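Taking the form predicted alone, here's one chain by itself in structure tokens.
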Amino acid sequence: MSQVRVRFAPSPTGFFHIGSARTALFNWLYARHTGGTFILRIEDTDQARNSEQFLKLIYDSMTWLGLDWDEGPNPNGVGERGNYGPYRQSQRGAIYQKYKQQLLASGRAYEKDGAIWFKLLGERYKVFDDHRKKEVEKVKSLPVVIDDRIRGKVERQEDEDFVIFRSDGNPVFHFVNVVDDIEMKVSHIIRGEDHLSNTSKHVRLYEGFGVTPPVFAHIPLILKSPEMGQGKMSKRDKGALIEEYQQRHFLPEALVNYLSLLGWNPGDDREKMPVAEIVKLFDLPAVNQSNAKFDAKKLAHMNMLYLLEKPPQEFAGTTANSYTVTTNIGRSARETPDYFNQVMAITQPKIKSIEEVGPYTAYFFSDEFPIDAKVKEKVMAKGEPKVRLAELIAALPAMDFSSDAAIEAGIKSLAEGKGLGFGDYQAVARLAVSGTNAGPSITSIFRVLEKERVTQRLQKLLASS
């Protein structure tokens, strides 16, 4: 295989969409799989809508996802890397003028109404266009046959000349796209299926320049999940922006893993795979033709799997960075880093996302936490919860708090002495120390809170009941 050169060419006109991220990812994966080059090219010719803020968001989002580019603007926006720049279309005007003059000189372009038109080859005839309500010139030409690596053979017809430079002097998307791909020696164009309708124009332009077109591969669209409605996922849909996942403290490796499966299959039932394994397996023939459906629940599950496998110390470090963002509850003087790490260690197996950690662990960091009224009503209505609280309070001074097993043994010993079971104490104890009926095991909560704080909370619930 000759040197693979692929490109991702976003426009800095809005937030970084999940579809754009998936396109960038597939190009990056193919470049890494083949040992090729991944180019980042910025299509910033829309002066009215371009924003340096959105451009920075592209750099930041791709860096966060780990999609490093070999050629293009530097991530800090200062300077470039690569030998085929500039990599921003707004800085390539002289190149476009050169290629325009080439087409004019060869007779493949002409001026009309102040614009520059690309001239198709073939017999010309005129017909009345009912939609446009005027007579138009058509061209009899053979269909454009596109040998797409994903779609297979696709035929499209171009039967009218088309504008390549507007009357205001600015080149159109089709023209600059083809010129940049020629200049940057792009070998494979991997992009969304919605661009397939443009490809016949691009092929004709390549022919006009006397250049063999690159390999085309049009990846399937990302559709909304059923609960979101029908159609292609747009920037307005919940979960459509990469920035959302950064703000919600999703793990980038989980998002990359999930996005890789939106339209590609590794050839078996595996879903969770390290990126190195995805790079090894990824190839264009394994990309599906059918559109992919976005599934927020599946993404959340993937994120949970990655969270669960993190070493406890690393998980605690990840959550520490987001903790003050996701909760307003601060840590008191007694909450040392070791205490925080203990809380995170017993929390990690229970949560699905980093954003849950703050609310889920709030009662560990303040004695003023809410009591769930419905849970309290249910717990206090069964058996003799006040008696159980009093018995547990009386037994605590002699109870061993050195481990979960020791605490469990102490509660079981108390229960057996009263002819009861462990569960007779568990629900009311959990309500007292956490205000709810869910969370880590009651023994691990006891151990981390320590005996004095557990006693105080049990006494507080008993006094208020």
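In this text, the rigid core denotes the largest set of C-alpha atoms whose superposition between the two forms falls within 1.5 Å. When you see a residue number, it is the position in the sequence shown, counting from 1. Values in this document were obtained by computation on a predicted structure and should not be read as measured data.
Another form, the form predicted together with the RNA, is not on view; read the next lines as being about it.
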Are Asp68, Lys451 and Thr455 jointly within 4.5 Å of the RNA in the predicted complex, each by at least one heavy atom? no
Which of 254-262, 385-393, 239-247, 72-80 sits within 4.5 Å of the RNA in the predicted complex, heavy atom basis: 254-262
Tell me, which of His188, Arg92, Lys298, Lys310 has a heavy atom within 4.5 angstroms of the RNA in the predicted complex? Lys298
What is the one choice in Asn288, Gln97, Ser366, Thr336 with a heavy atom within 4.5 Å of the RNA in the predicted complex? Asn288
Heavy atoms within 4.5 Å of the RNA in the predicted complex: does Ser167 have any? yes
Can you tell me if Leu25 lies within 4.5 angstroms of the RNA in the predicted complex, counting non-hydrogen atoms only? no
Would you check, heavy atoms only and a 4.5 Å threshold, whether Glu271 touches the RNA in the predicted complex? yes
Proximity of Arg149 to the RNA in the predicted complex, heavy atoms at 4.5 Å: no
Heavy atom within 4.5 Å of the RNA in the predicted complex - qualifying residues of 195-209: His195, Leu196, Ser197, Asn198
Taking the rigid core as reference, does the Cα of Asp129 move 2 Å or more between the shown form and the other one? yes
